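First, one chain by itself: the form predicted on its own, in structure tokens.
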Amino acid sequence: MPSPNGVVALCDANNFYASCACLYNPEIREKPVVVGGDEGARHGIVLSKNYHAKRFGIQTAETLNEARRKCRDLVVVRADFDLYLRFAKKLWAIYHDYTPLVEPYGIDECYLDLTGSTRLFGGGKEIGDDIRRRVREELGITVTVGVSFNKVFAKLASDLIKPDATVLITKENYKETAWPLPASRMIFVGSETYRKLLAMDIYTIGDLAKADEERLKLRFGKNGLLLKIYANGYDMSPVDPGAVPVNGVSHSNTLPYDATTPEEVRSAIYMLSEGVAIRLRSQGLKCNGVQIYIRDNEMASVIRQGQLQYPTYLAGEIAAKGFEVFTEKYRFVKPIRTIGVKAISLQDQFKMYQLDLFGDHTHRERLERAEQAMDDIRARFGKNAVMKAGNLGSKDLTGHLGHNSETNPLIELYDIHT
């Protein structure tokens, strides 16, 4: 358990992808810049933008065409995930100079437990300022550091002032600082949750802190009670360097053509599930559920999910559940442009679970060994050295979805918000 008088920081690299891109292209630093996907492969979305682009109202995840309509002189840079990972490792190395308790929240965000570090390096603000100075001088990019007495408020503090700032939320000032803010500013309150809170006349974090527990529980279940706990500053979750990613392992991609039949969707789900399964195994994880993301050709999107009978990192089981969720929970009306598969409810691969007395677990163990052997072959001879015969049926998708996503495995693992 963390100390009740702990010091927790959330270090957030400002406009991480775009900042790295501008660092290596000095001539574009003062121009509106976005990092985007491959428009030729229908991956034309904004992955990150600099502050010059933000002034034009450009948003992450909007299409590059939309961004160009807002800014005619927009500079679009192709993503370079090897570069981002290299810089992320340099950031993590700096953080570890202050504490061994570093928990990546994403490639560009990390929680740091500085409770013991204050005896060596000064208070939370002093450490935050020193981290910012070193990142500026050693890496040429900037970070914002939110400092508080728990992870929830440290995250909130890191979002209040950008770029290159150290922001404190303390036990003495959190009601004055945090409570007047919209409830949507708090972590775990997404757009749908916020919409439901507004319908309950809960507008601010302070409203949420004072809300009736029974009403929250009735509307959101136990998650409603957690939101109230967080709003009142009672979060005691530790900074865990070995924490399993909270958001799951995902792989999504825009299709080379709009899918119009369930069979085309099935092929895409199976290809994407292969990538998800490989990443689960590489991280020593299994999932207990599968989530699918569907966006049609008019850019309307939905997310649906289902639970698995057993925890798994087998591509076939992930894909079968994904396609089952699609057929049972999605109404196929318009052609589909983008599909995503996400492994959720993660656990360590060696964690014990209850077996079914009549299940063929010997067969599942053989499948696990087979997929691990495929991983070894890919490691030696390349990612496309071996694939399942079932994936060869869709010629246009092979190679397009398998290992050619806009997003990097590590980035997807932590579900980045850059």
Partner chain sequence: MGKVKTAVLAHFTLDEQVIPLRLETEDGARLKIDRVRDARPAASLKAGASGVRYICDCTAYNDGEEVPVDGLRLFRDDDGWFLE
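Residue numbers count along the first chain shown, from 1. Note that this is a predicted model, so its numbers are computed, not measured.
Beyond what is shown, the protein has a form predicted together with the partner chain; the following relates to that form.
- This chain is displayed alone, yet in the predicted bound form one of 229, 76, 139, 181 has a heavy atom within 4.5 Å of the partner chain; that residue is 139.
- Out of the listed residues 351, 363, 69, 29, 29 is the one that sits within 4.5 Å of the partner chain in the predicted bound form by at least one heavy atom.
- Though the partner is left out of this view, residue 149 does not reach within 4.5 Å of the partner chain in the predicted bound form, counting heavy atoms only.
- In the predicted bound form, the partner chain sits within 4.5 Å of a heavy atom of residue 86.
- Proximity of residue 90 to the partner chain in the predicted bound form falls within the 4.5 Å heavy atom cutoff.
- Of the candidate stretches 254-262, 161-169, 299-307, 139-147, only 139-147 has residues whose heavy atoms lie within 4.5 Å of the partner chain in the predicted bound form.
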